[in-house]
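Before any questions on binding or motion, here is one chain by itself as structure tokens, the form predicted on its own.
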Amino acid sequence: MEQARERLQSLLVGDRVEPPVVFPIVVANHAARISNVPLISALTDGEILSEVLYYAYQFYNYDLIMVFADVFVEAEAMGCRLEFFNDEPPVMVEPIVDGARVAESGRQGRMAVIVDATSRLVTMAGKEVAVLTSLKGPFSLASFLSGPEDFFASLLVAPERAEFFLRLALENQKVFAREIIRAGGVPFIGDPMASGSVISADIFARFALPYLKELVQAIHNSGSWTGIHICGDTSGILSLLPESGAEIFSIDDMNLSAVRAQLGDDRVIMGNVPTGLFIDGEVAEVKKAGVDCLEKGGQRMILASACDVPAEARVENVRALVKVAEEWRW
């Protein structure tokens, strides 16, 4: 059987891949939990983050690795203030509002942790699997810098203020993406605040999509492909997503038949077993959901969780999703 990295490349160019690529989206929180490491250690130390992610990859034997700590990595590096906890994700205490700055080296603050972990994982596993490295979409990062409440208000009453933060966020992410690629990683864009559950399709088209397109183009210009994950219900913006130019679209808990019909047969879809099943479901339910995804998503499909696997997910349920792919034949 081809290595996971080779199977992913085959999928990206349109070949049929068997068994399908599988990736329960295990990131820092669940990886630290099963490694018996305090989450704060993984969030603040690139070596520890790489070790727990590598442990999870070997423990479950899935086909991708994603370097992701928490949603505020770049915002903190640009000047926002966070509060940290031992075993919970950090929370935003104060947006930067005035004085936000581009982290011009691409390695300020914990951005250096992410780049370091990426480089280490490429050394450890890069011949076997692609190492995806999460970075925030400009829309989400801009909302964190300004403060979400202020940002969403400005979209309606002071669009020039929103666009200031959007441009600042975009320039930062171009630099960050370049550093990720230099480390051997594949930038993978997460834009949770651009969700159709949060904003309208018109707001997405005006304020989110143009900056996404520019970031994707910058990634392509640096020699990498990319993917996009937007949380929640994206049914209202599905027709717009291909305009971004991204190669992979990671889909949250939505009907995949409708998603495939909207995006067409030539797009790579990643998803979308409900994350709650990994905590509260039974193995048989996870397997059924995985089979359903493959049947509806078709051959250009990465079988994955709908979003990040929760920290407290049951090990047997995560393993069940991997097993579905191992046993599947088109």
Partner chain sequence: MEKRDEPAISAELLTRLARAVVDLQPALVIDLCQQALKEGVAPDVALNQGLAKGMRQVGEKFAAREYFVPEVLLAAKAMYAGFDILKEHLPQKQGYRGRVALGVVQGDIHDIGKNIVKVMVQAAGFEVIDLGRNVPVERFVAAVRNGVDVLGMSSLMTTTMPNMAKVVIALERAGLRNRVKVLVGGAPVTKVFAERIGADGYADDAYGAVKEVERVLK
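Worth saying up front: this structure is predicted, and the values here are computed from it rather than measured. Positions refer to the first chain, counted from 1.
What comes next is about the form predicted in complex with its partner chain, which does not appear here.
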Checking Asn255, Thr123, Ser105, Ser200 against its partner chain in the model of the complex, the residue with a non-hydrogen atom inside 4.5 angstroms turns out to be Ser200
Looking at Val291, Val37, Leu263, Ile279, which is the one with a non-hydrogen atom within 4.5 Å of its partner chain in the model of the complex? Ile279
Would all three of Ala162, Tyr211 and Glu243 be in contact with its partner chain in the model of the complex, where contact means some heavy atom lies within 4.5 Å? no
Going by a heavy atom distance of 4.5 Å, is Trp225 a contact of its partner chain in the model of the complex? no
Does Gly190 reach its partner chain in the model of the complex if we count a contact as any heavy atom within 4.5 Å? no
At the 4.5 Å heavy atom threshold, is Phe72 in contact with its partner chain in the model of the complex? yes
is_contact(Asp15, its partner chain) in the model of the complex, heavy atom dist at most 4.5 Å: no
Choose one stretch from 212-220, 180-188, 109-117, 82-90: the one whose residues place a heavy atom within 4.5 angstroms of its partner chain in the model of the complex. 82-90
Could you list the residues in 303-318 that come within 4.5 Å of its partner chain in the model of the complex, counting only heavy atoms and keeping sequence order? Glu312
